[in-house]
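Only one chain comes next, encoded as structure tokens, the form predicted on its own.
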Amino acid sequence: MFLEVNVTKKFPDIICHAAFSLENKQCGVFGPSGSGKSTLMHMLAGLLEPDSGFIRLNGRTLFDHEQKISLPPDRRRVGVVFQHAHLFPHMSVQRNLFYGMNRLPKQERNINSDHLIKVLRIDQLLNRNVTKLSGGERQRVALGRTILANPQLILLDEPLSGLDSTLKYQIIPQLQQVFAEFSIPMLFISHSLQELRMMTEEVLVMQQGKLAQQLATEELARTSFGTGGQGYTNLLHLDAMEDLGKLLSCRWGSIPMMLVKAPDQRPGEFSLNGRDIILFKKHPDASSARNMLSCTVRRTYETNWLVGVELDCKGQTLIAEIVPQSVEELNIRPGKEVVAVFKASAFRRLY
């Protein structure tokens, strides 16, 4: 994908302006409510015409104010998945899915529909009425319908914000699999940095109608703007779960870890706040914490009133956040060997 954008839209109370180019297939748009995320999405999709500028996708002009070009939405090859699925209520799941594809010439139908339906896990829903679907099922059907229309770009506008946390983290792995397997470029629009970290590699940051930053998603996650003052959240995939009575043994890559026992003992994604990690110069003689990892400091960076310490733990990356005085006392610097210590109760399951 190569997307070039330079657009301006004036409203009575705000001017929305964004100028950027993208080659990354998995990009996000981040910002609080009212920052201009959805306005940008509507301009890209052709649902709102900019007052000036241009939009080009893969060298094809979708909008150019000076040349008086403004392609309608159905000619842009840009698919949209909204927060609310907007399925056709009088149609079955199957008819909804194939609505866009059936309007395409056969030579433009490049997606294997049977495989997509299987990946989205909606093969058992095809004959159902869409009014009988759960929120998560509706979003998967809406995504499938959009993909089968063979777009060159998919815009996902807060697609998970209407779902509860459990359902949200059940859908994310399916979204990851779909976009990985079918290699479809996307812009994932969200005010949730955690969702963006799981779905994107690069992010556009919108503030007060303007594009404020364009950077790697993980870099944004390490800033005070990205953390919202709550501290950096490490995302860890833990597997090889083993019941040890009141604790669970598991592995983070090749590293053994301990978790507090919970009813759900499946492998999955877990979060660990950087402020829950304590650093020691050497392995402590005794501690109530069950996890003690030997690590090497890669680098440090400032984050509001704390210092982020990026650690290499046998090839895995862990971020601890400590006060500046501790950096001096422990002589934290690149190449320094330290021990990262945290409790078995510090983890939170995402999915």
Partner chain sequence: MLTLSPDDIQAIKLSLQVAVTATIIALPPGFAVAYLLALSKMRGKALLEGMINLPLVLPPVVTGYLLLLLFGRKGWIGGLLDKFDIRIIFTLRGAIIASAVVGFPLLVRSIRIGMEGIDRQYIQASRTLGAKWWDTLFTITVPLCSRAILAGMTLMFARSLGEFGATIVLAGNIPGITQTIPLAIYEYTSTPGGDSMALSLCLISILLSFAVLLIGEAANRSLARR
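Numbering follows the first chain given and starts at 1. Everything quoted here is computed from the prediction, not taken from an experiment.
Not pictured, yet referred to below: the form predicted in complex with its partner chain.
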Check your understanding: So which stretch, 100 to 108, 118 to 126, 205 to 213, 249 to 257, is the one near its partner chain in the predicted complex (non-hydrogen atoms, 4.5 Å)?
Key -> 100 to 108
Review point. So in the predicted complex, are Pro73, Phe82 and Pro89 all sitting within 4.5 Å of its partner chain, heavy atoms only?
Key: yes
Check your understanding: in the predicted complex, does Lys168 have a heavy atom within 4.5 Å of its partner chain?
Key -> no
Check your understanding: Taking the shortest heavy atom distance, is Thr146 within 4.5 Å of its partner chain in the predicted complex?
Key -> yes
Exercise for review: Indicate whether its partner chain has at least one heavy atom within 4.5 Å of a heavy atom of Val78 in the predicted complex.
Suggested key: yes
Review point. So, in the predicted complex, is Leu47 in contact with its partner chain at a 4.5 angstroms heavy atom limit?
Key: yes
